[in-house]
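Just one chain is shown here, as structure tokens, and it is the form predicted alone.
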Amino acid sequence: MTWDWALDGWIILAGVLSATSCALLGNYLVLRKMSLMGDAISHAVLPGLAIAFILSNSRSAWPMFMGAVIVGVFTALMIEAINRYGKVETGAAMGVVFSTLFAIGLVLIRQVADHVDLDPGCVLYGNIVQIPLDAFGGGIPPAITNLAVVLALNAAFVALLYKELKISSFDPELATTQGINASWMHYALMIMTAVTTVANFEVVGSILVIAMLIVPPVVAHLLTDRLGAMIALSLVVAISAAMGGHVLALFGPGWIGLDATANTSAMMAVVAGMLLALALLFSPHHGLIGRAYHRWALAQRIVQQDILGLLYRWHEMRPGENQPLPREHVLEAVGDGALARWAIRSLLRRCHVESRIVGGCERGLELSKEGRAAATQLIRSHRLWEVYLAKHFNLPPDHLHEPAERMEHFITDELHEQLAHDLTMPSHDPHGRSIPEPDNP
């Protein structure tokens, strides 16, 4: 299979226009926790399409749009009515409405398929690879024009109503208090979703429509928590999925030794799913690897601080002695595992602790100047918190150490001073131990 820009360029352009128009609206569906609504409308417009075909006996654009818009709005109204008056959970209401309408649509399509120019497979897979056939005369294929118009409408819709959509998506009650009709925003979004779905049906099919309504916004939401950045990233993901999907559909089977091509629309959805899998793994804050790394980094920081505190107390109990704490005792206190050993290596590398020989061959650890400053701040946090708990919660002395040990790792420098000021600068904790000053360890 070879690449031909005269053919493949139109296919990629159609995929990009379709994917981006869906992703623009999909951001708000995801934020409203209504991802299934896009799926519901994508399925539920089938009766509208079938009825439009029956009445017009053609695939003209306006009957399709009108039939789909009417059924799309009806779908949204029915879901709201079932949810509000039937006391049915929103997801269940969506499932009931879209499955019922989709079944009716399939029956109607099957009944009229022999009499109307309608291919049921087109609804699922579209005919995106046939778009270049309409460009042999040198003009722009009508499908490209239609998709460009829909993308322009969606872009104008989002740009003009950005603030209203944002507020009503995050807090409908706040939107109402500011004079924004959240219900109108909801139904306007449903109408635009229905129009977008229908415009994309024949070109890319329902599989890609549903995928692009949901997957690019979800990928973007995994990467950022800012709406503007989320919209921009969703468009990048949509474009990447469209372009990569067509390339993979052409050349992917050959890479594994098959003499065939894959369905372009379906492969675009597959690439979108692959991008979602990558985001789930590698997203800095929400990805599985990123979250595991942050948990490991937090555990590592806590163990390092526990070691610093342990060494501080060891030296505090032996004033005037220059005796390091044996490494085995440190591991016994904080846990003889990979996390503790890594923490010791990290402290040595950062020069917070020093290692020297004890008793001929046994290695011991002691605080360096930098490590003692960090340990002093940690012990100060711990003992200030013990004083605070004893003063405000009236806890007995033997119940103070454990909660203070948990909190000492999360107290900031600002909170240090607030605690000290609230406690009128105490010099000793409830156990009688001195509270070190940060500038005078």
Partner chain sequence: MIVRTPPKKASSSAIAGSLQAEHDVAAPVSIHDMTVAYHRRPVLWDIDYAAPAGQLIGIVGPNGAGKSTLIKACLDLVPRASGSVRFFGNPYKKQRRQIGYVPQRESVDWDFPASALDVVTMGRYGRIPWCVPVRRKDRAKALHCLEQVGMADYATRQISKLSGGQQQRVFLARALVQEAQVYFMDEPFAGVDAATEQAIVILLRELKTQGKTCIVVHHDLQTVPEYFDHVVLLNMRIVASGPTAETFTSENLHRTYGGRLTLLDKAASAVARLGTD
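Residue numbers count along the first chain shown, from 1. The term rigid core refers to the maximal set of C-alpha atoms that superpose within 1.5 Å between the two forms. None of the values given here were measured: they were computed from a predicted structure.
Another form, the form predicted in complex with the partner chain, is not on view; read the next lines as being about it.
In the model of the complex, no heavy atom of residue 350 sits within 4.5 Å of the partner chain. Residue contact with the partner chain in the model of the complex: residue 33 places a heavy atom within 4.5 Å of it. Residue 330 falls outside the set of residues with a heavy atom inside 4.5 Å of the partner chain in the model of the complex.
In the model of the complex, the partner chain sits within 4.5 Å of a heavy atom belonging to residue 230. Note on the interface: of 232-240, 318-326, 174-182, 304-312, the segment with non-hydrogen atoms within 4.5 angstroms of the partner chain in the model of the complex is 174-182. The partner is absent here, but in the model of the complex a heavy atom of 87, alone among 369, 87, 345, 356, sits within 4.5 Å of the partner chain.
Out of the listed residues 144, 334, 189, 167, 167 is the one that sits within 4.5 Å of the partner chain in the model of the complex by at least one heavy atom.
Residue 224 is among the residues whose C-alpha shifts by 2 Å or more between this form and the one not shown once the rigid core is aligned.
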